[in-house]
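First comes one chain, alone, set out as structure tokens in the form predicted on its own.
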Amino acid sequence: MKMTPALAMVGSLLVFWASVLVAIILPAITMTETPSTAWRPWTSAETAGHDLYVKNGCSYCHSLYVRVSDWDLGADRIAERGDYAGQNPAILGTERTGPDLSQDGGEHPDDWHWAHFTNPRYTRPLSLMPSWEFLGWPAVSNLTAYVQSLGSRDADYRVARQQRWKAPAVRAYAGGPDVNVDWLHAQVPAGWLAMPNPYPATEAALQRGQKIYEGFCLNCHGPVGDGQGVAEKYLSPPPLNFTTLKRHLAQGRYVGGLFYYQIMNGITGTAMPYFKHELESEKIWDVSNFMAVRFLGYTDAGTAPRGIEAAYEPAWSNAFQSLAPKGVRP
């Protein structure tokens, strides 16, 4: 077939309309207005927050859908078409420079979001996200309401759970360091409280733990672990001051399993998030060792009870155990 200007024009039009059919018309036809079981309508504040999300291009870095192949924050529910019923426009996004937000509601309490929108580095030290403080407080409040709605009825349950646990967490903090630490320990299963750190606190492990601490924990708990990070003034209750654990350590309690459980699961009702989807097991143990050695001068790594040693584990003796306060278990 000889190529002519007319044929090229016809071919171009066919390609164009085929693209429109596949990318626009077919999705519009197949989109359903039948809500999913999780769907609910937005409030006025959530609608205003959605408008801010769209106008400020948040979808350039965040998506709003979870696929079967995803394994990340909020990936406990696969997205359904009915989740987006009535949304206009339905901005799902394609990039994941930041985390997917489709199920972000209730992942954190409101005060965490206020700190995060003021300066994302306050809550995520390695974040690339710009500050949205310039929007002003009413707009940030609406944006927070929108993010807290993501996940609809499932998000409402998580938000209510955050609110339910916030009151006792605030009361415990107001009771003083000892009351606060006792309350925090009471929320950890006994099996974890009796578990030492199974990984040696070698120099390499402590350096890995320091890197993790600086990348995830620094701006809440502070450089010296006193809870006085730059995010502290936004959070209620404030982040834990690790040095307040010393008296409890002297009572013979382990710190390895305690730190691991709370880093893995977070502390609902406070700004302490869970990291089970972001940090592999050994990374949590490494940062636990780092916090114990750096802020308490002690680690229970390698102490009883312990099982068979890992095949790849350096010869190591606990040089930090002798620094333990009187009464700590050998």
Partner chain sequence: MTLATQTHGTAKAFLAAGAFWFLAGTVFGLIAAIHLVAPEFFNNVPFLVFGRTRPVHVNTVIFGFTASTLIGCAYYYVPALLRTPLWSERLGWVSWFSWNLTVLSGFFTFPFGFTQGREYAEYLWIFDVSLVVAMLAMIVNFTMTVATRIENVLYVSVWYALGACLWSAANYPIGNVMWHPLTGALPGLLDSVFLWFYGHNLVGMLLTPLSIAVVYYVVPRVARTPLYSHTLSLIGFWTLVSMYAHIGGHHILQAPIPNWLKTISVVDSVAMIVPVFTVLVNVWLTARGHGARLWRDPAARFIMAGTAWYLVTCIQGPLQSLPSIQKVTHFTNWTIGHAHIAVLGFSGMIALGGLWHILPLVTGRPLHSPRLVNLQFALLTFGLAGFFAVLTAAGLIQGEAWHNGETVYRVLPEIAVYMALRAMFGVSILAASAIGLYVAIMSLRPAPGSVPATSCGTSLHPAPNSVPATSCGGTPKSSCTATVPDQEAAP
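Positions refer to the first chain, counted from 1. The shown structure was predicted, so the numbers you read here are calculated from the model rather than taken from an experiment.
Unshown form predicted together with the partner chain; subsequent notes refer to it.
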query	finding
Contact test in the model of the complex: residue 65 vs the partner chain, heavy atoms, 4.5 Å	yes
Residue contact check: residue 41 to the partner chain in the model of the complex, 4.5 Å heavy atom	no
Touches the partner chain in the model of the complex: residue 319 (any heavy atom, 4.5 Å)	no
Contact test in the model of the complex: residue 27 vs the partner chain, heavy atoms, 4.5 Å	yes
Position in contact with the partner chain when the complex is considered in the model of the complex, options 296, 279, 267, 48, heavy atoms within 4.5 Å	279
Option touching the partner chain, based on a heavy atom within 4.5 Å in the model of the complex, out of 249, 139, 92, 193	92
Answer range among 301-309, 259-267, 50-58, 287-295 for contact with the partner chain, defined in the model of the complex as heavy atoms within 4.5 Å	50-58
105, 169 and 253 each touching the partner chain in the model of the complex (heavy atom, 4.5 Å)	no
Residues of 130-160 having any heavy atom within 4.5 Å of the partner chain in the model of the complex, listed in sequence order	130, 131, 132, 133, 134, 135
